[in-house]
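Just one chain is shown here, as structure tokens, and it is the form predicted alone.
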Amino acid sequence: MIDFIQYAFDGFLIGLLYAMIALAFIVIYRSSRILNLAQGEVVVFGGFIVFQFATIWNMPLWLALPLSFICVIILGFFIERGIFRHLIGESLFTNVMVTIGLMIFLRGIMLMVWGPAPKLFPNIVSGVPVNIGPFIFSRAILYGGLLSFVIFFVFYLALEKTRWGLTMTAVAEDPVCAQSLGISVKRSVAYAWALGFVLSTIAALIFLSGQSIGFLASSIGLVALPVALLAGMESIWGAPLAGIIIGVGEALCKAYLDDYTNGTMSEAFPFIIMLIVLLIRPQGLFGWKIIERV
């Protein structure tokens, strides 16, 4: 029984971190109606920027981390202005294909600058585990899970209760109408992309602390995508609930089913859930059901 609870708690914490990356999907989608399939690459790219400052250039973390966040914010603005600003109002297919191109582009830069070999990411959080009764938790994952609740609360207030958040939603619904009302469409979308890059970098700090970093770690974005779809691409508080469902299910599959499926069930579980959601409730658990007049 203790083992079961340990697996469930581990999945609970990992699921909250999946939800943080899913929140980056949601923030960008709510503002621009763009499903950024390159989100996993953004996570790893943000991690490599931290690695560059903290390890290669040997800066102290108190300096490396702020500089890294400034860089990813600038990168988010640059990608939005250089690529996606020209796609406002375009079809979903066009936007998805461009994000696939962005995925390949970011992978190419990572391979060119940092090479294909995995690198040791700096210890952002102590590697000493936390003991709570009979249970043992990774310190980075535990702190990251607690931090994620703070982030969800802040983003909920920002996107649901402020004029700025509501203007982002208005831009996503109808950019032409929003612009006619005096809303700066370009500015709202640019802010969303910068926030998505910041969230991805925070997730990288937690997931990669003391671990190896390589471009293949971008697969984390593929696991977070089913979380975003299960939550609903517009729901802030749906993300942690969906993350917990995916995280706990994945952890239990890894503990009890992987031995019988050659280690594949835990990897397949998030995507099985994604297929079920797309077939039964495409808008997700808490997504907006849009009614269109014909």
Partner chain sequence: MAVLPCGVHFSAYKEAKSFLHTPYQWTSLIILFIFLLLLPFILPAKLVSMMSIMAILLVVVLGLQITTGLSGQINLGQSAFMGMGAFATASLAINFHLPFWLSIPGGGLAAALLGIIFGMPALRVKGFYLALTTMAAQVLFPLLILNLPSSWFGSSMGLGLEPAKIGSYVIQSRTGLYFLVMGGAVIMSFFAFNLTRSRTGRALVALRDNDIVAEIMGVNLFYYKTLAFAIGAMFAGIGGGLWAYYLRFVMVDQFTLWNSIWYVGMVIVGGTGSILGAIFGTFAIHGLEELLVTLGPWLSEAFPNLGGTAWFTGMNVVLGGVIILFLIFEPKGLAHRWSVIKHSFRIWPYPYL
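Residue numbers count along the first chain shown, from 1. Since the structure is predicted, the reported quantities are computational estimates derived from the model, not experimental observations.
Form predicted together with its partner chain: not shown, discussed below.
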query	finding
Three-residue site Asp10, Pro122 and Ala158 fully in contact with its partner chain in the predicted bound form at 4.5 Å by heavy atom	no
Among 50-58, 221-229, 63-71, 246-254, the region lying within 4.5 Å of its partner chain in the predicted bound form by heavy atom distance	221-229
4.5 angstroms heavy atom contact with its partner chain in the predicted bound form for Phe105	yes
4.5 Å heavy atom contact, Leu37 and its partner chain in the predicted bound form	yes
In the predicted bound form, Val128 touching its partner chain (heavy atom, 4.5 Å)	no
Close approach of Leu92 to its partner chain in the predicted bound form, 4.5 Å, heavy atom	yes
The single option of Ile132, Leu146, Ile83, Val154 touching its partner chain in the predicted bound form, heavy atom within 4.5 Å	Ile83
Within 114-151, the residues that have a heavy atom no more than 4.5 Å from its partner chain in the predicted bound form	Pro116
